[in-house]
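Next up: a single chain in structure tokens, the form predicted alone.
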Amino acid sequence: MISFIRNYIIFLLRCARIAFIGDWRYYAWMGALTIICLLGLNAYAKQLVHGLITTGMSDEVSWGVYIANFTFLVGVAAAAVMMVIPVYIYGNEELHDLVIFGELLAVAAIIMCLAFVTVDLGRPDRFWHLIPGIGQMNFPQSMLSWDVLVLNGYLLLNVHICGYLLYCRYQNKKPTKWFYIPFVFLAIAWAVSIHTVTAFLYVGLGGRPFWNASIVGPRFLASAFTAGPAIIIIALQIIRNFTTYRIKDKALLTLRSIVQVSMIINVFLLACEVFKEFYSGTAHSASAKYLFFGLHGHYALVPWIWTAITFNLIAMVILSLPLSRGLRWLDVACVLSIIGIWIEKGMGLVIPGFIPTPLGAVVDYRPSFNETLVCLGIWAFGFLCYTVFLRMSVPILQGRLSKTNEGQIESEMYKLT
């Protein structure tokens, strides 16, 4: 046991050390992210001092861009399962090592999710009420208590799987299947649950008819399985271009097939939702009218949603054509998918649910500058975490950081390129 603890501490220290080693591009990237993180932290400090009045939120629109980002990132985290399923169920060898990159992305996304929830709280010091076994969660009646459980559970699952596999690779030992395979299959079900529970947070609010539809859950999953793999495709190409890690085009095209099918389903479900809202023509369609066409002279979200629809349709067409097998067009489709779904699931879902208010008032919401800085800071922190995860994992997967070369100096061995 003492030997195991010693070896594991050495493993962690070597991983931590290599995270600070790279060429000028690495330092420039990490420096830029750190500056943005500090700007976001300063903006959040102002919010703590003055309260949520520093944001664009109000009594009428009490959820804004913080919860919009949270909703989107839960989907990104859940999408890691789209790499796990081909590897562990269908035996896809091209994605075998790459699945770790997807799970590390899930870890970074969940960290950002928790950060966005924290900054959205007016009294973050009361967050302990949501901690299982310590606070009063009103479990199982409260969907928020379910969300706390599934998000933190999914984070622990991915940390265990990635940490164990990387440590075994570092030790040059074959992983013990019973110690991680059951958790892999549990993570598959858990990934679906985290986004389904997030959808139920909206669906369960009966006083908000815009969200009160059973199709929200499937829409969340379809959009997640589009945007998540799209982000992974971009990330894998960056890893391939800026490191010596070999990633085959075949692996990227496998993920392309997932994005292609998921985008078609996502657009279809959006069309179903639009039909439901407008064909009946009831008073409950007021939120949808505000979103798509404006209401009583208020048009704040109209450019957002039509931009999202345009991007999604263009991405769907590109992905449906053979030209998307070329990486340049595939990248275009992925970027359009990510932006389109961020708008659709963020500003296009969260804000309209509050408009009009139960008293019929129409109040436009626009993120404040301070609110935007906080968001950018959290995104930068998430990118920083993911970059550090990759910086530690790539040399281990390549075999350049292992127990066999424990006595060698990392600064001489592990250059970024």
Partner chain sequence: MAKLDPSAQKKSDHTANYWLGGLTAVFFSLTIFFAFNSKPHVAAQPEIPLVDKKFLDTSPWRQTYADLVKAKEDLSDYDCYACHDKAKPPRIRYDTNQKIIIPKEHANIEMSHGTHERNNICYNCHNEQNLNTLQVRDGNVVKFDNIPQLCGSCHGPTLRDWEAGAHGRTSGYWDRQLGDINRLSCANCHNPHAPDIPTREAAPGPHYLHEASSHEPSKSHR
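Positions refer to the first chain, counted from 1. What you see is a predicted model; the values in this text were computed from it and never measured.
Below, we turn to the form predicted in complex with the partner chain, even though it does not appear here.
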* Structure fact -> The one option of Leu349, Cys375, Met57, Met392 with any heavy atom within 4.5 Å of the partner chain in the model of the complex is Met57
* To do: Given the partner chain in the model of the complex, answer whether the residues Thr254, Val317 and Ser320 all have a heavy atom inside 4.5 Å of it.
  => no
* Asked: Can any non-hydrogen atom of His296 be found within 4.5 angstroms of the partner chain in the model of the complex?
  -> yes
* **Touches the partner chain in the model of the complex: Phe70 (any heavy atom, 4.5 Å)** => no
* Any non-hydrogen atom of Cys385 within 4.5 angstroms of the partner chain in the model of the complex -> no
* Asked: Is there a non-hydrogen atom of Asn241 within 4.5 angstroms of a non-hydrogen atom of the partner chain in the model of the complex?
  -> yes
* Structure fact -> Looking in the model of the complex, the residues of 340 to 373 with a heavy atom no more than 4.5 Å from the partner chain, listed in order, are Gly360, Val362, Val363, Asp364, Tyr365, Arg366, Ser368, Phe369, Asn370, Leu373
